[in-house]
Ligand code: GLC
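Here we start with a single chain on its own, the form predicted on its own, put down as structure tokens.
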Amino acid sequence: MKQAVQKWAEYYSGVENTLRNMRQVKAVATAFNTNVDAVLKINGRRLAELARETGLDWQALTEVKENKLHMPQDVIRGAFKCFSKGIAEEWLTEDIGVFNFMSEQLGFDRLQMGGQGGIVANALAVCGVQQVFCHCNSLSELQARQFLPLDNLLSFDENGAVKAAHQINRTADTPLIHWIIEFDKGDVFELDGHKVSCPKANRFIATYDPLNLRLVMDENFVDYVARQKLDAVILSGYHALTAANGGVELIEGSVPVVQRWQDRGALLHLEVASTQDKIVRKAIVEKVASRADSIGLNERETIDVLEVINEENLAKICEEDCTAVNLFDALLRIKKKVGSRRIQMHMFGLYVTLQDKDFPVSPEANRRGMCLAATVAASKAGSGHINEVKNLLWSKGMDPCAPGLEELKKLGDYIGDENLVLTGISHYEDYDVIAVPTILVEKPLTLVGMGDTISSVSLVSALGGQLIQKS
């Protein structure tokens, strides 16, 4: 394994050059979901105060009929449920009264960019892509402040003019805010003689986002992007839809829009994301993933896709034993049934890409892109943010993790290529296989948006390297 560590240190030594090559990528668009995350750390004492202020006694607090925010009291019910069980849940609302309550009574400790579209746009812009167009169905001043102050990070004002996103203020737009309410293990809540200790640090997300929940599109963005020559479109935002809210029809309605972008030559990458509604999940797979050039998933999302392509047995195997070998079998099955030309899966310690042999990005360019993505992701975890160029390579020089190398060796043995642990590149059946052991940070400061960052930086930086080779 010592030889493998040395070999991967050599591959990782090229990340600075790979990052530099991202400047060759002329234009990328990110769509559809962009919002504001309002992060709030709350303790048990304050949560109990809010319960009393909103008229909740113990019985009313613990009586949860539906995981949805119909009234202000439901915000407290949801937060207490997650606090008392140490679990994470997200409840949604389209009620402006609930939004006003959260704005006025909860507040926040800090604001940050939310939504895959916004997170990816910030990441690609700071990495040096020449133009990054970000879709925003709401772009208030509050939303604009979450964009990095970069001239290459663009969106559209109310008149359809292209401007630096951080300078736009559509005054008629209401901010779309996801309150991320965090709590600590061991904190205590007391109400009406009842006492509860939080068993595990976790969070409750209370979301006011009526536009993204209905996949509302900014027509200025849609029309402008359709006329441009784009290198790639990073697509996301379908996961918040529900069948009850017409999610399947909304997905179908987006297909002609997406097709226009592809017809202009853009490489289309879909972030599958965690989609709770199985009807919507199946529609995403059948109607969007099937036409995407590339899709990105983590291990949980891989299992979720198996469940809607009639591969429940394999899903159960992966659920019970989430190894690279089992997940590779899952990727093969998804590749054959869904048909996307490239699939990238990120799991603990390892990234795996499975792609057609004629995919326009070579295995070597993919490996370089995946090494850069692992470095940027670790840098984000270790430094807390990648809002500045100097933070992008914070983790450069750190060794790839032992668990990743071990999983890579097992995967190589499984596909009959003992050199995979040394090269990260192989072939299986009709596909190229690229696998990269990642860098792990022992005490991460943040994990928000990590998967989105990995997928987008990996693909777009690989495109940059490919453009260099062609020039």
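Note that this is a predicted model, so its numbers are computed, not measured. Take the two forms, superpose them, and find the largest set of C-alpha atoms that agree within 1.5 Å; that set is the rigid core. Numbering starts at 1 and runs along the sequence shown.
The protein also exists as the form predicted in complex with the ligand; that form is not presented, and the subsequent description refers to it.
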query	finding
Sole residue of D417, D37, E406, D432 within 4.5 Å of the ligand in the predicted bound form, by heavy atom	D37
Option touching the ligand, based on a heavy atom within 4.5 Å in the predicted bound form, out of V75, I119, V361, V272	I119
Listed range touching the ligand, judged in the predicted bound form by heavy atoms within 4.5 Å, from 313 to 321, 203 to 211, 129 to 137, 217 to 225	203 to 211
Contact of G114 with the ligand in the predicted bound form (heavy atom, 4.5 Å)	yes
Contact flag, I180 vs the ligand in the predicted bound form, heavy atom cut 4.5 Å	yes
4.5 Å heavy atom contact, H239 and the ligand in the predicted bound form	yes
Close approach of A9 to the ligand in the predicted bound form, 4.5 Å, heavy atom	no
Neighbours of the ligand in the predicted bound form among 431 to 452 [non-hydrogen atom within 4.5 angstroms]	V448, G449, D452
F147 C-alpha shift between this form and the one not shown of 2 Å or more, rigid core reference	no
A266 C-alpha shift between this form and the one not shown of 2 Å or more, rigid core reference	no
Core-aligned C-alpha movement of F328 between this form and the one not shown reaching 2 Å	no
